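Quick heads-up: it's one chain on its own, the form predicted on its own, in structure tokens.
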């Protein structure tokens, strides 16, 4: 693949996300608590989750390792952070959830697979085939330092929020409950906020167009979902905290 074709592909991917955002803000994607049967065949929640997340781990690993571009400590750090995140999302998180009899439309899973394949391929190809070595000096660059701090902070926020949500699902209730504690004090979806912060941090660390495109797509994907979740909570719980925002504390 020529470098020019690769960059064209990245720009098209970025443009696709920008075009789709207004539509995603207007529709509720039938996934999780919003699942609808009129979107086609349903499959088991955990199976669908694994099928959706594993491609990102596998494609990134294979493409990066087979790439012939020089690999230095910075690239290995980026590879390790990506791998840690998707090992958790692929094999740890789904089997911690209590999702008996829960299903999702396979069509939505298919969209998720494509989304993860594209982001993993673009970032792994850049790091494995195109990017020159960053050099040890990049470890002290403000972009790398701020980026890794954001990634770690976002990961902690995401893990803490997931833990609180999973703890709620272990209670003997017949449905969802209002989450409390941590950043749930301020927003309905701190788990999404944490993931956004992670990949914005990754984009700063990598300082590449593919990493920027992934951070942008993460926002495009999670912002509409957070707004949908927030509306759902407010419509299902009369005592839902009125000062809680959807995603960004004190803003939206």
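Positions refer to the first chain, counted from 1. Bear in mind that the values here come from a model prediction, so they are computed numbers and not experimental data.
Beyond what is shown, the protein has a form predicted together with a small molecule; the following relates to that form.
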### Query
in the predicted bound form, do 89, 97 and 233 all reach within 4.5 Å of the small molecule through at least one heavy atom apiece?
yes
### Task
Would you check, heavy atoms only and a 4.5 Å threshold, whether residue 129 touches the small molecule in the predicted bound form?
no
### Query
Could you tell me if residue 218 has a non-hydrogen atom within 4.5 Å of the small molecule in the predicted bound form?
yes
### Query
Does residue 192 reach the small molecule in the predicted bound form if we count a contact as any heavy atom within 4.5 Å?
yes
### Query
Using heavy atoms and a 4.5 Å limit, would one call residue 147 a contact residue for the small molecule in the predicted bound form?
no
#### Entry: Heavy atom within 4.5 Å of the small molecule in the predicted bound form - the one residue of 106, 79, 138, 93 that qualifies
93
### Summary
Answer key: of 197, 187, 211, 222, within 4.5 Å of the small molecule in the predicted bound form (heavy atoms) is 222
### Query
Since the chain is shown here on its own, which stretch among 138-146, 120-128, 70-78, 157-165 would lie within 4.5 Å of the small molecule in the predicted bound form, judged by heavy atoms?
157-165
